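Next up: a single chain in structure tokens, the form predicted on its own.
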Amino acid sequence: MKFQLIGVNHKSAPIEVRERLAIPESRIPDALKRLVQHPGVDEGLILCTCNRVEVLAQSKNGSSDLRKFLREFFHLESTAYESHLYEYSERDAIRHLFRVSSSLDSMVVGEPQILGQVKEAYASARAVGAVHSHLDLLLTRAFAVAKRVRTETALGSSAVSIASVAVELAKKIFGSLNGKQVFLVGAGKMSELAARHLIANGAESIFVSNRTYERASQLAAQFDGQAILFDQLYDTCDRADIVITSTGAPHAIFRREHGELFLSRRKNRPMFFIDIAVPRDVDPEMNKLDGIFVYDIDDLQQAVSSNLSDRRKEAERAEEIISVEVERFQARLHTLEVVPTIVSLQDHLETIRQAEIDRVRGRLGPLSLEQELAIDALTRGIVKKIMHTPISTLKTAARDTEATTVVDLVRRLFNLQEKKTAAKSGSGDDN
């Protein structure tokens, strides 16, 4: 059994690279099916957010070439992204997943959205049968670790999000949001968060446009705003001072010609675009227009940096929790690895016990119930004593790196046949 993880994030790759590797939500099921069909992969999960694209895989025997999977799925020249990839295996992959789920690897350390995104990725993978065994165990433990970090540290207190940072940036540019007109393009969770922050900071009115008009209407109604049909976007967008856009469009929906049109209608009054979509919704060429100010998600990192110093101490406490949890999970995995051998040993010796009782039963003649019970208890006791030392040795070895060697030795000594045994994971200490 081996865990592997490969990916890019806001630290390793600029948005120009990340948007080329972004997988639309509609393609995630197909990507997962292709992942588990890739040589060596038994289970898989794909996490795709505005800040990261990561592939997590579990292999029973050896490892899998996940770089080859990326090349085959995206049909891109590896030189376009190869230098930006990070790759982890085993303990490091476990630690990385725990850190991501606990928001220690986020652009805004402590933001709560990432845990929900990991859970959504988990649900998608389970829905297509890509997660079912050891990866299931790892992910459910990651959720428990994230909960522990949130409970035992103040990492999430006064939590900020990408949306709130974007609003703070808008305030710095305009001085005040009082009376400002705001246009939300995309009616997802990020847009909803942005709307809440905007209203709290004095925004006068909110327009919402989404490809699904019903969703735009629902979001607009929450904030006494106005829903706009998506095909009327370019006819109405110039009414806004601030545009926050977060759609799943594969290409830019705002281009230079749109910016020129908006400025002419606004008589050159400035417009501020905050593009929190990956791939980007706003063509960088728009930023070259006088009066148009465009900030993408990478531009928000500078605004985020001031948040990090306040959380550094809490982040250190969270890292300590994760280190402990990684060790506990590793120990649990090692224990699971010896369970099939213990079960095989028990079955093997029980078969011998029953066979020996059957062999001598004819020579003993009729036996009373008390005699039958006495023979059963005697033989069970002998088998139990024989099993005690090898089972204790296996359980002890499971906590160390020598587990595989001991398992092989016990299997040879007792001539145990290889067979697949479903080990019960149990709830253990997963709270």
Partner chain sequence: MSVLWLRVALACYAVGLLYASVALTRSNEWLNRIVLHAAYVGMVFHFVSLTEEIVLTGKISLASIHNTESALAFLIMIVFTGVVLVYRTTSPGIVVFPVVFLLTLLASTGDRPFLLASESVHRGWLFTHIALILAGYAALVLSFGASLLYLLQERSLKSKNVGGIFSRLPALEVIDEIGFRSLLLGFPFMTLGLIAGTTLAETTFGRVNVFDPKIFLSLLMWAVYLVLLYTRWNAGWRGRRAAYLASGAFLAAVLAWAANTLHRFVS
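Everything quoted here is computed from the prediction, not taken from an experiment. Each form is matched to the other, and the largest set of C-alpha atoms that superpose within 1.5 Å is called the rigid core. Numbering follows the first chain given and starts at 1.
Note that the form predicted in complex with its partner chain isn't included here; everything after this is about it.
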Indicate whether the candidate residues K171, G175 and N268 are all in contact with its partner chain in the predicted complex, with contact defined as any heavy atom within 4.5 Å. yes
Which one of R95, R148, R196, K180 is close to its partner chain in the predicted complex, taking close to mean a heavy atom within 4.5 Å? K180
Select from the listed residues F143, Y295, Y213, F329 the one whose heavy atoms reach within 4.5 Å of its partner chain in the predicted complex. Y295
With a 4.5 Å heavy atom cut-off to its partner chain in the predicted complex, the contacting stretch among 115-123, 213-221, 285-293, 73-81 is 285-293
Can D235 be called a contact residue for its partner chain in the predicted complex at 4.5 Å between heavy atoms? no
Test of understanding: in the predicted complex, would D347 fall inside 4.5 Å of its partner chain by heavy atoms? no
Is E320 a contact residue for its partner chain in the predicted complex, using a 4.5 Å heavy atom cut-off? no
I'd like to know whether E316 contacts its partner chain in the predicted complex, with contact meaning heavy atoms within 4.5 angstroms. no
Can we say the CA of R317 moves by at least 2 Å between this form and the one not shown when the core is superposed? no
Once the two forms are fit on the core, has G110 moved its CA by at least 2 Å between this form and the one not shown? no
Once both forms sit on the same rigid core, is the C-alpha displacement of E77 at or above 2 Å between this form and the one not shown? no
Just say closer or farther for the C-alpha distance from R280 to L97 in the predicted complex, relative to the shown form; it changes by 3 Å or more. farther
